[in-house]
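The chain below stands alone and is given in structure tokens; this is the form predicted alone.
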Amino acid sequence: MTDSYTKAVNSGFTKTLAKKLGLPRPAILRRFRAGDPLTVGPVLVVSDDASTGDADRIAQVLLGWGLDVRRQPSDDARWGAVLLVLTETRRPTDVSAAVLATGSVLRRLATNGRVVTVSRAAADGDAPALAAARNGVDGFLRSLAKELRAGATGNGIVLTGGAAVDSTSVLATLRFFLSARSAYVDGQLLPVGPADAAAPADWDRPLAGKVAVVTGAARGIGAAIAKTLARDGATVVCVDVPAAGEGLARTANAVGGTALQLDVTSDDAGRRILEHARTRHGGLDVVVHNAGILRDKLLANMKPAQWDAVIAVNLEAQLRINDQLLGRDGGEGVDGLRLVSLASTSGIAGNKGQTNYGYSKAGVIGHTRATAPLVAARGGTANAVAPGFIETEMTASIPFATREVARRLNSLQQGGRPVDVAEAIVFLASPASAGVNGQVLRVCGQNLVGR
């Protein structure tokens, strides 16, 4: 589905007219292409006085990535990114100089630039001033993200459990937020804990040698996930119902993987997935629960079949498959598994006519958080991605006026693409992101009020 408005206001006479009339002008978002630079200009690293040591350590890593890193604001640069390090802040007054230094360069932030905060999570037992200082970063970052323009985004890394700023998982998260892979991720703060993870030999192919399964892979977001996993090195097993066999074969052929025709609601779906992956590819490392359906209806008009079908496919199937993959049904199970589930912003904020879908997607968030410690005990992780308005065949069927409103009501003033969801999933599936567990990463252009 093409967003004709965004194309129009970024080209020729229509661009000039839109500017004169004060119309919304969503930027063309920069998305990942192999060989492109990580950022679109120099990176400014600022910190409060107490966090200078952590800022120095991060700056050294960025220099090792070949970035142009600077420590002082200036008017002679078109900044590709601003990194605000507040890891050792003790009181709210400590952040003032660093925050205002960030503000002083925002007018010179490049198109598709990035602002990233690095802070620590408030913890039980923190003194009130310390808790206030740490929690304040949340409101600051989310508000700042709503002020950015021209495709720029603001996101935050929140260190938990004593995680070091230069640990692999923190750096993998930083690299994701700085890069074009996070084009439609905005206003999000992602907790990252300590983990035993090694940096990939090639940051552009972090899944080399891994075997990944994607359910609902025949088309749309599922097909984009399969292609992005394969692009980043994974061997992909594409799963979908027999009725989608033609599209499933097309996706599997496109990624050089294998196809498994399977109804995910079947009692033995998890065992069949595991058997296929082990028999055909020698193991299983990543499972992406993408399969889902819609049966939208106002609750007053909801039929039992409409409710039950959505819960069965979107929620119960994931629970059953996870139990089988983790050996909770008495089987052998898999160690080191990366589970990524598709939730939705409808499961966070709700949506009219989607009580069944909203329940199922909120349930996905709930089971992800509960599954995280279970899979961590076997050396793995469980996370979820919650898309907002994504340009798919499904959203193309929404009435024009409703579709246009849905596109514009986020900080980036446009819908996302299936590849935006896929990029977030690949990040969470990568071994380097082992410190991210039990989290929900929204891919929505910051489309929820206050979030």
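Start at 1 with the first residue shown and count on from there. Keep in mind that this is a model prediction, so the values were computed, not measured.
The discussion below concerns the form predicted in complex with a small molecule, not included here.
Enquirer: Considering non-hydrogen atoms and a 4.5 Å limit, which listed residue (V334, A291, L174, V237) is close to the small molecule in the predicted bound form?
Expert: The residue from V334, A291, L174, V237 that makes the contact is A291.
Enquirer: Just one of L159, V85, L326, L342 has a heavy atom within 4.5 Å of the small molecule in the predicted bound form. Which one?
Expert: After the contact test, the surviving option is L342.
Enquirer: Under a 4.5 Å heavy atom criterion, is T395 part of the interface with the small molecule in the predicted bound form?
Expert: T395: contacts the small molecule in the predicted bound form.
Enquirer: Can any non-hydrogen atom of S104 be found within 4.5 angstroms of the small molecule in the predicted bound form?
Expert: No, no contact at 4.5 Å.
Enquirer: Any chance F389 has a heavy atom within 4.5 Å of the small molecule in the predicted bound form?
Expert: It does: once the small molecule is placed as it appears in the predicted bound form, F389 has a heavy atom within 4.5 Å of it.
Enquirer: Give a yes/no on whether R320 approaches the small molecule to within 4.5 Å in the predicted bound form, heavy atoms considered.
Expert: No, R320 is distant from the partner.
Enquirer: Is it the case that G216, G222 and D263 all touch the small molecule in the predicted bound form, with a non-hydrogen atom of each within 4.5 angstroms?
Expert: All three within 4.5 Å in the predicted bound form.
Enquirer: Spot the stretch among 381-389, 32-40, 59-67, 404-412 with residues whose non-hydrogen atoms come within 4.5 Å of the small molecule in the predicted bound form.
Expert: It is the stretch 381-389.
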